[in-house]
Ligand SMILES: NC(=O)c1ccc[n+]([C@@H]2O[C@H](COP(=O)([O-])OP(=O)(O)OC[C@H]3O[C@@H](n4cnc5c(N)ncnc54)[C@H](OP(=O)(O)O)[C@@H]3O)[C@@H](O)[C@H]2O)c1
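There is one chain below, alone, in C-alpha coordinates, taken in the form predicted on its own.
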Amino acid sequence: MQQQYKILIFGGNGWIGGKIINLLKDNKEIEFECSQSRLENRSDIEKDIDKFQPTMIINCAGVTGRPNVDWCEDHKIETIRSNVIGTLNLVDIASQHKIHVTNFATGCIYQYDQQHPMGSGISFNEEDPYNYDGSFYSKTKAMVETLLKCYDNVLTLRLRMPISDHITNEPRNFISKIIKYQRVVNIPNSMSILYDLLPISIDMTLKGYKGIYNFVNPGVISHNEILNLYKNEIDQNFTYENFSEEEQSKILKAGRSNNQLDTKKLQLLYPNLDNIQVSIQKLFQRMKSFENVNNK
(Lines give C-alpha, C1' and ligand atoms only; values in the text may rest on other atoms or scores of the structure.)
Protein backbone atom coordinates (compact mmCIF):
# COMPACT_ATOMS: atom_id res chain seq x y z
CA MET A 1 0.00 0.00 0.00
CA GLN A 2 1.40 3.39 -1.00
CA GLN A 3 1.97 6.01 1.66
CA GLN A 4 -0.54 8.84 1.67
CA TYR A 5 0.87 12.30 2.29
CA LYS A 6 -1.18 15.19 3.65
CA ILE A 7 0.42 18.58 3.05
CA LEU A 8 -0.85 21.86 4.47
CA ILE A 9 0.34 24.85 2.44
CA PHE A 10 0.77 28.37 3.75
CA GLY A 11 1.12 31.15 1.20
CA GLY A 12 -0.72 29.22 -1.49
CA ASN A 13 -2.13 32.45 -2.91
CA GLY A 14 1.36 33.69 -3.73
CA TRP A 15 3.53 33.16 -6.78
CA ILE A 16 5.70 30.32 -5.45
CA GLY A 17 2.78 28.81 -3.57
CA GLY A 18 0.64 28.70 -6.69
CA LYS A 19 3.35 26.83 -8.57
CA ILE A 20 3.74 24.34 -5.72
CA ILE A 21 -0.02 23.69 -5.81
CA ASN A 22 0.07 23.01 -9.54
CA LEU A 23 2.82 20.45 -9.02
CA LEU A 24 0.98 18.77 -6.16
CA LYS A 25 -2.13 18.38 -8.29
CA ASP A 26 -0.18 15.98 -10.51
CA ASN A 27 0.75 13.67 -7.62
CA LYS A 28 -2.03 11.20 -6.74
CA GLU A 29 -0.25 10.16 -3.54
CA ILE A 30 -0.60 13.63 -2.05
CA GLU A 31 -3.63 15.19 -0.41
CA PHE A 32 -3.17 18.90 0.19
CA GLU A 33 -5.01 21.92 1.46
CA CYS A 34 -4.22 25.64 1.49
CA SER A 35 -4.46 27.50 4.76
CA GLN A 36 -6.00 30.96 4.63
CA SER A 37 -4.62 31.83 8.07
CA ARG A 38 -2.19 34.68 8.56
CA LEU A 39 1.01 33.41 10.11
CA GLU A 40 0.91 35.94 12.96
CA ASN A 41 -2.43 34.46 14.13
CA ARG A 42 -1.24 31.52 16.18
CA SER A 43 -4.67 30.27 17.16
CA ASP A 44 -5.78 30.13 13.52
CA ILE A 45 -2.74 28.04 12.60
CA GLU A 46 -3.57 25.66 15.44
CA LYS A 47 -7.14 25.30 14.18
CA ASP A 48 -6.00 24.53 10.63
CA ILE A 49 -3.56 21.88 11.81
CA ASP A 50 -6.12 20.29 14.13
CA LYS A 51 -8.71 20.23 11.32
CA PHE A 52 -6.57 18.93 8.44
CA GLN A 53 -4.10 16.78 10.43
CA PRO A 54 -1.21 17.25 7.97
CA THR A 55 1.79 14.96 7.86
CA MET A 56 3.90 17.88 6.63
CA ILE A 57 3.71 21.62 5.96
CA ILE A 58 5.10 23.77 3.13
CA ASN A 59 5.48 27.46 3.92
CA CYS A 60 5.61 29.81 0.93
CA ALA A 61 4.29 32.81 2.87
CA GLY A 62 6.31 35.91 3.66
CA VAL A 63 6.71 39.58 2.81
CA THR A 64 9.06 40.58 0.01
CA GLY A 65 7.43 43.95 -0.72
CA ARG A 66 5.68 45.43 -3.71
CA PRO A 67 6.98 46.39 -6.16
CA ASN A 68 10.27 45.38 -4.47
CA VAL A 69 12.03 45.03 -1.12
CA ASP A 70 12.23 48.82 -0.71
CA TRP A 71 8.64 48.51 0.60
CA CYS A 72 9.98 46.77 3.70
CA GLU A 73 12.05 49.84 4.64
CA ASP A 74 8.83 51.79 5.30
CA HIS A 75 6.81 48.86 6.67
CA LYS A 76 9.15 47.33 9.22
CA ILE A 77 6.53 46.18 11.71
CA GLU A 78 4.51 44.41 9.00
CA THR A 79 7.71 42.80 7.72
CA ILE A 80 8.63 41.56 11.20
CA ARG A 81 5.14 40.17 11.80
CA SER A 82 5.25 38.09 8.64
CA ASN A 83 8.91 37.17 8.14
CA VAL A 84 9.92 36.68 11.76
CA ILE A 85 6.97 36.28 14.14
CA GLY A 86 4.78 34.52 11.60
CA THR A 87 7.39 32.03 10.43
CA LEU A 88 8.39 31.26 14.02
CA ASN A 89 4.74 30.76 14.98
CA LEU A 90 4.24 28.22 12.23
CA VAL A 91 7.44 26.28 12.86
CA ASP A 92 6.96 26.30 16.64
CA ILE A 93 3.40 24.98 16.44
CA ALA A 94 4.46 22.36 13.90
CA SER A 95 7.29 21.32 16.22
CA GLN A 96 4.83 20.79 19.06
CA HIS A 97 2.76 18.58 16.75
CA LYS A 98 5.89 16.82 15.43
CA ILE A 99 5.20 17.96 11.86
CA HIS A 100 7.92 18.56 9.26
CA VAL A 101 8.04 22.08 7.73
CA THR A 102 9.59 23.03 4.41
CA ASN A 103 10.25 26.76 4.62
CA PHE A 104 11.12 28.79 1.53
CA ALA A 105 13.75 31.33 2.54
CA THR A 106 16.25 33.56 0.76
CA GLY A 107 19.93 33.52 -0.10
CA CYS A 108 19.98 37.34 -0.09
CA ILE A 109 21.80 37.31 3.23
CA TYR A 110 25.29 37.31 1.70
CA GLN A 111 27.34 39.82 -0.26
CA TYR A 112 30.57 39.44 -2.21
CA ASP A 113 33.51 40.30 0.09
CA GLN A 114 37.29 39.87 0.35
CA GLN A 115 36.93 36.19 1.21
CA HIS A 116 34.35 35.65 -1.55
CA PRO A 117 35.33 38.01 -4.39
CA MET A 118 33.08 38.46 -7.38
CA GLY A 119 34.21 36.24 -10.26
CA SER A 120 36.46 34.09 -8.08
CA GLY A 121 34.16 31.09 -7.92
CA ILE A 122 34.54 31.08 -4.12
CA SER A 123 30.96 30.74 -2.93
CA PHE A 124 29.04 30.99 0.34
CA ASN A 125 28.08 27.64 1.82
CA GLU A 126 25.22 26.90 4.21
CA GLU A 127 27.44 27.26 7.29
CA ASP A 128 28.98 30.63 6.45
CA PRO A 129 27.94 33.47 8.77
CA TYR A 130 25.61 36.02 7.22
CA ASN A 131 27.40 39.14 6.06
CA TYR A 132 24.63 41.19 4.45
CA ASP A 133 21.99 43.34 6.13
CA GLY A 134 21.78 46.16 3.60
CA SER A 135 18.00 45.86 3.39
CA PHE A 136 15.47 45.37 6.17
CA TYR A 137 14.04 42.45 4.24
CA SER A 138 17.40 40.63 4.30
CA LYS A 139 17.87 41.51 7.95
CA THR A 140 14.58 39.86 8.96
CA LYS A 141 15.35 36.78 6.88
CA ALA A 142 18.73 36.36 8.56
CA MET A 143 17.12 36.82 11.97
CA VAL A 144 14.51 34.13 11.47
CA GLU A 145 16.94 31.68 9.85
CA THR A 146 19.18 31.96 12.91
CA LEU A 147 16.26 31.13 15.19
CA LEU A 148 14.99 28.29 13.02
CA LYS A 149 18.30 26.48 13.50
CA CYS A 150 17.06 25.68 17.01
CA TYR A 151 14.24 23.52 15.61
CA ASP A 152 14.75 19.97 14.37
CA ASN A 153 11.67 19.80 12.13
CA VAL A 154 12.64 22.35 9.45
CA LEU A 155 13.93 22.21 5.89
CA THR A 156 15.12 25.69 4.88
CA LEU A 157 15.43 26.30 1.13
CA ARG A 158 17.27 29.50 0.18
CA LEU A 159 15.91 30.80 -3.12
CA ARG A 160 17.59 33.65 -5.01
CA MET A 161 16.28 35.83 -7.82
CA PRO A 162 13.74 33.16 -8.84
CA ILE A 163 13.13 32.77 -12.57
CA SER A 164 10.11 31.10 -14.16
CA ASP A 165 9.28 30.17 -17.74
CA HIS A 166 6.62 32.85 -18.12
CA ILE A 167 6.98 36.63 -18.29
CA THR A 168 3.34 37.30 -19.13
CA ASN A 169 1.30 37.78 -15.93
CA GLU A 170 4.23 36.80 -13.68
CA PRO A 171 5.68 40.09 -12.39
CA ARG A 172 7.66 38.32 -9.64
CA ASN A 173 9.75 36.52 -12.25
CA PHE A 174 13.26 38.01 -12.15
CA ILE A 175 13.28 38.33 -15.94
CA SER A 176 9.92 40.11 -15.91
CA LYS A 177 11.42 42.60 -13.47
CA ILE A 178 14.70 43.43 -15.19
CA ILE A 179 13.29 43.83 -18.69
CA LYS A 180 11.26 46.75 -17.32
CA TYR A 181 14.23 48.54 -15.79
CA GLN A 182 15.66 51.45 -17.73
CA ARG A 183 19.15 50.53 -16.55
CA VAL A 184 20.61 47.45 -14.86
CA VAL A 185 23.72 46.63 -12.88
CA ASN A 186 25.68 43.87 -14.60
CA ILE A 187 26.70 41.57 -11.76
CA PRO A 188 26.96 37.74 -11.78
CA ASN A 189 24.65 36.10 -9.25
CA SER A 190 23.34 32.77 -8.10
CA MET A 191 19.74 32.35 -9.23
CA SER A 192 16.93 29.81 -8.92
CA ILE A 193 15.30 28.31 -12.02
CA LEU A 194 11.91 27.27 -10.65
CA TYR A 195 11.30 24.68 -13.39
CA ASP A 196 14.29 22.73 -12.02
CA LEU A 197 13.99 23.40 -8.32
CA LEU A 198 10.33 23.35 -7.29
CA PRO A 199 9.86 19.64 -8.13
CA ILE A 200 12.98 18.99 -6.05
CA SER A 201 11.48 20.93 -3.14
CA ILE A 202 8.47 18.60 -3.12
CA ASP A 203 10.71 15.53 -3.27
CA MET A 204 12.77 16.85 -0.35
CA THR A 205 9.58 17.47 1.61
CA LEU A 206 8.23 13.98 1.03
CA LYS A 207 11.58 12.46 2.03
CA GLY A 208 11.68 14.53 5.21
CA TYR A 209 15.01 16.22 4.60
CA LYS A 210 15.98 18.81 7.19
CA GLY A 211 18.54 21.58 7.55
CA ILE A 212 19.54 24.48 5.32
CA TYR A 213 20.15 24.22 1.58
CA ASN A 214 21.26 26.86 -0.89
CA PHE A 215 18.38 26.35 -3.32
CA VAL A 216 19.86 27.69 -6.54
CA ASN A 217 21.25 26.25 -9.74
CA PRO A 218 25.02 25.69 -9.71
CA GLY A 219 27.13 28.57 -11.03
CA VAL A 220 26.30 32.21 -11.66
CA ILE A 221 24.82 34.32 -14.43
CA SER A 222 24.88 38.08 -14.99
CA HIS A 223 22.04 40.46 -15.73
CA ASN A 224 23.51 41.22 -19.16
CA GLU A 225 23.68 37.54 -20.09
CA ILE A 226 20.00 37.13 -19.29
CA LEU A 227 18.97 40.28 -21.12
CA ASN A 228 20.99 39.32 -24.18
CA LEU A 229 19.24 35.97 -24.27
CA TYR A 230 15.90 37.73 -23.93
CA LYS A 231 16.77 39.97 -26.84
CA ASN A 232 17.94 37.09 -29.03
CA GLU A 233 15.16 34.65 -28.21
CA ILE A 234 12.08 36.74 -27.35
CA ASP A 235 12.26 40.38 -28.47
CA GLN A 236 14.89 41.45 -30.99
CA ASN A 237 13.88 45.10 -30.56
CA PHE A 238 14.67 45.08 -26.87
CA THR A 239 17.41 47.41 -25.62
CA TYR A 240 18.93 48.15 -22.22
CA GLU A 241 21.64 50.18 -20.55
CA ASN A 242 24.00 49.49 -17.66
CA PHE A 243 24.89 51.61 -14.69
CA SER A 244 27.11 51.17 -11.64
CA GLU A 245 26.18 49.97 -8.15
CA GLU A 246 26.93 53.49 -6.91
CA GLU A 247 24.47 54.96 -9.42
CA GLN A 248 21.90 52.31 -8.54
CA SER A 249 22.14 53.09 -4.82
CA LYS A 250 20.98 56.64 -5.49
CA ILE A 251 17.56 55.48 -6.68
CA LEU A 252 16.96 52.73 -4.10
CA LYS A 253 15.92 52.96 -0.46
CA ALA A 254 17.79 49.76 0.36
CA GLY A 255 20.79 47.95 -1.02
CA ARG A 256 20.69 44.75 -3.03
CA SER A 257 22.52 41.54 -2.26
CA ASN A 258 24.89 40.07 -4.84
CA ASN A 259 26.57 36.73 -4.25
CA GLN A 260 27.44 33.23 -5.37
CA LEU A 261 26.01 30.41 -3.26
CA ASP A 262 27.65 27.02 -2.95
CA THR A 263 25.47 24.13 -4.17
CA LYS A 264 27.61 21.10 -3.27
CA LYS A 265 25.23 20.06 -0.48
CA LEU A 266 22.20 20.16 -2.79
CA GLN A 267 24.08 18.42 -5.60
CA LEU A 268 24.97 15.50 -3.34
CA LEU A 269 21.24 14.76 -3.28
CA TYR A 270 20.47 15.87 -6.85
CA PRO A 271 23.63 15.47 -8.95
CA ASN A 272 21.76 16.01 -12.23
CA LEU A 273 20.70 19.56 -11.40
CA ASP A 274 21.62 21.75 -14.38
CA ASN A 275 24.18 24.52 -14.12
CA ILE A 276 22.54 27.93 -14.44
CA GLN A 277 24.19 28.57 -17.82
CA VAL A 278 22.67 25.37 -19.22
CA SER A 279 19.34 25.76 -17.47
CA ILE A 280 18.77 29.34 -18.65
CA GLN A 281 19.24 28.27 -22.27
CA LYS A 282 16.58 25.59 -21.83
CA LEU A 283 14.31 28.07 -20.06
CA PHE A 284 14.43 30.55 -22.94
CA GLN A 285 13.56 27.80 -25.40
CA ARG A 286 10.50 26.95 -23.30
CA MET A 287 9.68 30.63 -22.87
CA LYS A 288 9.97 31.21 -26.60
CA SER A 289 7.35 28.53 -27.21
CA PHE A 290 5.01 30.00 -24.62
CA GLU A 291 5.37 33.54 -25.93
CA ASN A 292 4.80 32.44 -29.52
CA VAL A 293 1.58 30.72 -28.49
CA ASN A 294 0.42 33.71 -26.43
CA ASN A 295 1.12 36.16 -29.25
CA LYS A 296 -0.85 34.31 -31.89
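Small disclaimer: the values here were computed from a predicted structure and weren't measured. Throughout, we count residues from 1 along the sequence that is shown.
Quick note: we don't show the form predicted together with the named molecule, though the next part is all about it.
Participant: Which one, 266, 227, 61, 56, lies within 4.5 Å of the named molecule in the predicted bound form by heavy atoms?
Facilitator: Here the answer is residue option 61.
Participant: Just to be sure I understand the contacts: of 233, 46, 70, 40, which is the one whose heavy atoms reach within 4.5 angstroms of the named molecule in the predicted bound form?
Facilitator: Selected option: 40.
Participant: Is it the case in the predicted bound form that 112, 223 and 279 each bring at least one heavy atom within 4.5 Å of the named molecule?
Facilitator: Per the other structure, none of 112, 223 and 279 touch the named molecule.
Participant: Within 4.5 angstroms, counting heavy atoms, which one of the listed stretches 142-150, 121-129, 102-110, 180-188 is next to the named molecule in the predicted bound form?
Facilitator: Careful reading of the contacts points to 102-110.
Participant: At 4.5 Å between heavy atoms, is residue 218 in contact with the named molecule in the predicted bound form?
Facilitator: No, no contact at 4.5 Å.
Participant: Does any part of residue 204 reach within 4.5 Å of the named molecule in the predicted bound form? Heavy atoms only, please.
Facilitator: No - in the predicted bound form, heavy atoms of residue 204 and the named molecule never come within 4.5 Å of each other.
Participant: Is there a non-hydrogen atom of residue 15 within 4.5 angstroms of a non-hydrogen atom of the named molecule in the predicted bound form?
Facilitator: Yes - in the predicted bound form, heavy atoms of residue 15 and the named molecule come within 4.5 Å of each other.
Participant: Are any of the heavy atoms in residue 159 no more than 4.5 Å from a heavy atom of the named molecule in the predicted bound form?
Facilitator: It does: once the named molecule is placed as it appears in the predicted bound form, residue 159 has a heavy atom within 4.5 Å of it.
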